[in-house]
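As a starting point, one isolated chain is supplied in structure tokens, in the form predicted on its own.
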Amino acid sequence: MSLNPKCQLNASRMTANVTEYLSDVKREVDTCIFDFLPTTDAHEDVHQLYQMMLDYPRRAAKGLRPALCLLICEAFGGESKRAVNTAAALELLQNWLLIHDDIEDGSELRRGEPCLHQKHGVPMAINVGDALHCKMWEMLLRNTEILGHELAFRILSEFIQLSNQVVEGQHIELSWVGSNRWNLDEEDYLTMCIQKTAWYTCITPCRVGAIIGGASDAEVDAFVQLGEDLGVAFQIQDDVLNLIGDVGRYGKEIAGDISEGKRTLVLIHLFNACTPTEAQRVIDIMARPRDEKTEADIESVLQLMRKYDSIAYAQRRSKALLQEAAGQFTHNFAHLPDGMAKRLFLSLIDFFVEREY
């Protein structure tokens, strides 16, 4: 199976405007995905499966992970068209992870629409996530024709490492919920966040882009620390938007993290800042099932977060991590040509914590 000739993107012909570039990336990657995914089948039930597999990929999304992959590839002098298939696989990974994550968290909205399990039930949604997972590996297999066997299998190994990191990070968070654990510190949060979020949001997209672009092993490995800082900054900003964002732009329910009992940096700061009585009150609310929390309960937790500037603290931490990531990129890759791809990547770093969705 050969790469669709439409699946090409070149940062040098793109505007320096990050949102426009992300839109261009999403359009190019979607072309690859929708040309690849099956859409019809003679069997009525399999046809239904194929249509459900298109649900999350069709929803509005930022396309951050594919953009990181393509920009880093081009920054190292590679042809972005050789990385588009891998970038599309990153987007498929994002979609099947979100389907499963929404089920595990009991979420209600995803990208402005009801979650898949809300529309079709948990068993159906799990199976759709599994189907997209299978298609991700199938898409990565296409790299043997695009990149050659050696490079294709190196990219496969990166996805294997990524998958192990994500499920371990997810298990950490689920274990906190299962054991009703609240005595967490920032280090606990960072460990979970790096594995659950940073690896698939930043570290692996940058690494595979660098590999395809011809980077050395040392240059590829330099994206681990950079990606950890950038990925955690991204997650903290996501936690903040969950509390103060606009549902129309954010695409998920506001204060959903409180409804779901999420352990976030904002919450950890609150526990460290408030009185023991207030902390116990927050735990009593957060530990309840979603359907037992009232709007007044949620608002009382939000008020305490505002009272102790916990949201502002998280925003400062996110910006500090972003600055660290930008400094690392500028220092570690000063030898790369100062082209459009490099400039767009630095702009994209800023977007990670300036975004409103």
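The numbering used is simple: start at 1 and walk along the sequence shown. These numbers were taken from a predicted model, which means no experiment stands behind them.
Below, we turn to the form predicted together with another copy of the chain, even though it does not appear here.
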Exercise for the section: Given another copy of the chain in the predicted bound form, answer whether the residues Met52, His133 and Ser157 all have a heavy atom inside 4.5 Å of it. Expected result: yes
Exercise for the section: Could you spot which one of Thr197, Gln170, Asn242, Ser107 gets a heavy atom to within 4.5 Å of another copy of the chain in the predicted bound form? Expected result: Gln170
Problem - Partner-contacting position among Val224, Leu174, Ala273, Ile283 - heavy atom within 4.5 Å of another copy of the chain in the predicted bound form - result: Leu174
Exercise for the section: Name the stretch, out of 97-105, 253-261, 283-291, 213-221, where some heavy atom lies within 4.5 Å of another copy of the chain in the predicted bound form. Expected result: 97-105
Exercise for the section: Check whether Asp45 has any heavy atom within 4.5 Å of a heavy atom of another copy of the chain in the predicted bound form, and answer yes or no. Expected result: yes
Exercise for the section: Please check if Glu150 has a heavy atom lying within 4.5 Å of any heavy atom of another copy of the chain in the predicted bound form. Expected result: yes
Practice task
Determine whether any heavy atom of Ser163 comes within 4.5 Å of a heavy atom of another copy of the chain in the predicted bound form, and answer yes or no.
Solution key: yes
Practice task
Determine whether any heavy atom of Glu138 comes within 4.5 Å of a heavy atom of another copy of the chain in the predicted bound form, and answer yes or no.
Solution key: yes
